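The chain that follows stands alone, in the form predicted alone, written as structure tokens.
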Amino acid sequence: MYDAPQLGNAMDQTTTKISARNVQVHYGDTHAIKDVNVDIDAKTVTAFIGPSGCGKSTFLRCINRMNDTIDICRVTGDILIDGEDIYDKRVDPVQLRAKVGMVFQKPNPFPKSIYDNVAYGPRIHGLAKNKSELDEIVEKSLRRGAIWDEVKDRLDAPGTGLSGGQQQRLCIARAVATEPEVLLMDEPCSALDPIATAQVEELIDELRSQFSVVIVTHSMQQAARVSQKTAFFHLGNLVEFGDTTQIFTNPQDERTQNYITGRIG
């Protein structure tokens, strides 16, 4: 079983963005996540891999408290971002989610214009003093989402009218518009065709210069292409965590080896 370093040591490393210690998640009587310990580096793409139902998306949702919205879900243990406990009673989950953006499996643009999709977060968090500042944020975010050139002449058109791949890049632009520090992606390419997938993967690689990216993926090839660190989950346990190359070429745990070679999955 993978054991992360002690919390005190983790905080001494300036590169650690997220530290999880002894994280447990229960859905009612079901123990979905068991004693997860991990340090996630800043400005790195970290991939969570593992069979369906192994807990990778559940753990991802702990990082921005999305599980708070599920009545029967109980999260215990510590998750710190920049040394601060995100489950502290004084932390406002809405403010936390501005700092920890999320992109979902299926593109989910709001039924609004392309402009208003991106402007929504900055508006509710008061990030722009006036219309020209908001225009700047929208353009910058759409550029970061690698979709500005495709939509700059039709910002008033509905976001739902874009192709699947464009919608997902719009959702990424929307997620980065609040200047988050962490970007969570839950299988962001699973509903996309190969060309759109390649565009989103290229974008993920560019985004890591500005954000700490954590991606859940079913595709081991995708994990190998986009991430620097990989965590393998199995039956609610974090089995192994390390450099992506090492996980795929020289895994230390037999279960990781079995998953990568297709014996379990």
Partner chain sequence: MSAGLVILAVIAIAIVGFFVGRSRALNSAGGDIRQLHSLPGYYGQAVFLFSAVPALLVTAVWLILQPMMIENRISDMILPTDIAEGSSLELIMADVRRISSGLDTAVVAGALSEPEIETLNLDNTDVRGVLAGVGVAVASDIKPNVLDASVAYRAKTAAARGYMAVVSIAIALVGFAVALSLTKPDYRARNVSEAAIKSLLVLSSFVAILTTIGIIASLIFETSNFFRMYPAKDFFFNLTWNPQFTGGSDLGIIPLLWGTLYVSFVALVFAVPIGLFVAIYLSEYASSKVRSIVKPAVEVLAGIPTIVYGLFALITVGPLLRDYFAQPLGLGQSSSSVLTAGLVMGIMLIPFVSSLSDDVINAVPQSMRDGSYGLGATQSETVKQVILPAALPGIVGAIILAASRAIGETMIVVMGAGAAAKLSLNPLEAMTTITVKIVSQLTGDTEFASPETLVAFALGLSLFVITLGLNVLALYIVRKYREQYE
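Positions refer to the first chain, counted from 1. Since we're looking at a predicted model, the values are computed, not measured.
What follows is about the form predicted in complex with its partner chain, which we do not show.
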Contact check for Phe241, Thr256 and Arg263 against its partner chain in the model of the complex, heavy atom at 4.5 Å: no
Which of 73-81, 190-198, 119-127, 148-156 sits within 4.5 Å of its partner chain in the model of the complex, heavy atom basis: 119-127
4.5 angstroms heavy atom contact with its partner chain in the model of the complex for His234: no
Its partner chain contact at Met185 in the model of the complex, heavy atom, 4.5 Å: no
4.5 angstroms heavy atom contact with its partner chain in the model of the complex for Leu207: no
Close approach of Thr69 to its partner chain in the model of the complex, 4.5 Å, heavy atom: yes
Contact set, 237-251 vs its partner chain in the model of the complex - heavy atom within 4.5 angstroms: none
